[in-house]
Ligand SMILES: Cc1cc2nc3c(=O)[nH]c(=O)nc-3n(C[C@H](O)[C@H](O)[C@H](O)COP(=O)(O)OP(=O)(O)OC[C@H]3O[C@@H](n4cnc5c(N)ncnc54)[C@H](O)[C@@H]3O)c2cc1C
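The chain below stands alone, shown as structure tokens; this is the form predicted alone.
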Amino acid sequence: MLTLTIDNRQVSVAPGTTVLEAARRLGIRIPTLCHVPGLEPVSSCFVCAVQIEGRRGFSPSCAMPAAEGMVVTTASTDIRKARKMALELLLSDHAGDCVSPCSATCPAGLDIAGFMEGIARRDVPGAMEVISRRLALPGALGRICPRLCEQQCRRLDYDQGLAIGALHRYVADEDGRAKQPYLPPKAAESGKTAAIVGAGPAGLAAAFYLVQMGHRVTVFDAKERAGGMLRYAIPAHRLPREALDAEIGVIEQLGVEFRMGQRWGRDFRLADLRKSHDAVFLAIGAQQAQELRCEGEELALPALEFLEMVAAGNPPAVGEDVVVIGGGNTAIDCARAAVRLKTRSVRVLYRRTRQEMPCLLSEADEAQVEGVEIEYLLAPVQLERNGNRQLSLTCQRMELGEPDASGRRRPVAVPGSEFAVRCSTVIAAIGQAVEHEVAERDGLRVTGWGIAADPRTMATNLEGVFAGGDAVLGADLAVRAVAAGRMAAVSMDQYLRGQAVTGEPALAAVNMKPMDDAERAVMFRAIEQSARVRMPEIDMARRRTTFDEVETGLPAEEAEREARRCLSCGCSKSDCCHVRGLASEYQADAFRYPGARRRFTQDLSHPEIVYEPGKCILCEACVRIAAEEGEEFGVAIVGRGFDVTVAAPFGKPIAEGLRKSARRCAEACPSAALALRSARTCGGCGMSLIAGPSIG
């Protein structure tokens, strides 16, 4: 037996044992990519590098035989740098997307291809499970989300993008109608408690994930019902209350306690919550209406007040001629709600052009279809009362100047362009802000937008207090608030368990940008052109006179057809890729060594696997496995210089080279160059990257 020292610990091994094997006997982890247990090592990836006393440089532990008296170091700053460089070189010309462009764009990081697969298989519970890992309130968001993901769908380069929002709404609605709706599993009780201030999208999402992690969660909110802006600022024709209630009901069923009618600063102080709970999340939203900043602004009806009255079924008398000032989603919601109050005329006045409108333009289009007029480059100057129930709004024409801090061109007044608009009601919908006073009084640092919090961990300057969503960013998208709630839950879970608060892990990612026409042709060659599904809607007469939901939802057969249009263009091993896992662990920069990447190609000849040569890291695992399995042709390293790759000999397809060993090769492949067709997982490697908040 030979005795050597690894990281100051001695171990005795038989002659012929490698340093890697000796380290594993001690329970010391050395990362590997090209190593396949039982096969001869090739030491090609160099991520298993270690330092051996008396030797210059680094040595590959997978191929280095142990020797008597050898002294080995497996972890040091220099070793970490060497491994990181090895990974960055491997990724420098990687021709593949770790995640699909749509998922990369989604603020919540939703596994879109994963839940599409569930719909296509008619497995709604499976699709709901995939969605729930990253996204709370999918039914609500499927109705109101601006669908940034759809703008990056790869099918836009071919025919029409997927209806992603409509499809996760479909999953949520179908699941809600099931006899046994999907209920996420819960971890064992931790004995820790968390208080959440605000029952809007950020607070609800944080509660949804924290309770799954085993913590007792109590939500405090000033309103009578949970939902925040989703309930009180979005009219029922876009988000029916029963759909929102169903999703809040799931959170209640998981064990979250709601204490409604409790206002921060009036009914409790932050110090009270910190005494009675182990952690606190502040998700108060941005509910302070901004003023018109013109003479007579007190005569305007604040947008949130108007929408809340509409939501309560007690709309104000707005008369026949309504003017809405603003260009965001709230302004459009006010206009469409006013139409349903049997007004004669509804106009939206916006100080920039349509191109600069912050609202979802499809919603603006729907408003115009319903009869709303949108007028651009107009700003209010003065509002005054003019007779019985009549108002006179003096407006000034604008023109666009240089870009301002938002990146949009600044509106500049045109001298002498004032004119008057007569109307019965003016609704001010120019934005919302966060109330700072209570937060500052309770010791929190604030910014010009809201409560100051770390963008990664959501931690504030007070220990155990976190904040996120509109409370930090100012008025923003609900999907970003939901993502912030999940991120805060991860950080709070770390804090409650006494761990370092680092937030969600940042996973390395490679993307294929730009793609040329030839590569797109390869991607689309087996795809048939098909039109995007059309969402059914109620008829116009009913739309204009009721608050019934305009979009009625996709029928099952249409949803399944639409889901089958998904190209699944993200990597099938994205959640268990060894290369990505180590690149994340070592914080490797995939773009550190810029240069021409390999071209995207696919070999689809094999019925069981897909081969993408551009992802190959030349680890030779498949070469060695094919040889051991006795393949007639097998695969080998071919080419020279930068054109080296793995291929079957004599130009044969991969189906000829791997007749018997394809599955084993795919399961051993560390980079998804070889992947099983049948599933979006590695199929047995035993590795898993974090895809959502841990509940174990």
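Residues carry their position along the shown sequence, with the first being 1. Keep in mind that this is a model prediction, so the values were computed, not measured.
The protein also exists as the form predicted in complex with the ligand; that form is not presented, and the subsequent description refers to it.
Comment: 468 to 476 is the region of 314 to 322, 468 to 476, 488 to 496, 342 to 350 lying near the ligand in the predicted complex, near meaning a non-hydrogen atom within 4.5 Å. Residue contact with the ligand in the predicted complex: H606 places no heavy atom within 4.5 Å of it. Taking the partner from elsewhere, L360 is found to have a heavy atom lying within 4.5 Å of the ligand in the predicted complex. Taking the partner from elsewhere, A222 is found to have a heavy atom lying within 4.5 Å of the ligand in the predicted complex. When the ligand is considered in the predicted complex, F547 lies well away from it, no heavy atom lying within 4.5 Å. Of the residues given (F600, W264, W449, Y158), W264 alone sits with a heavy atom within 4.5 Å of the ligand in the predicted complex.
The contact residue chosen from L230, L273, V372, V426 relative to the ligand in the predicted complex is L230, the criterion being a non-hydrogen atom within 4.5 angstroms. Annotation for 273 to 304: interface residues with the ligand in the predicted complex are A283, I284, G285, A286, Q287, L304 [heavy atom within 4.5 Å].
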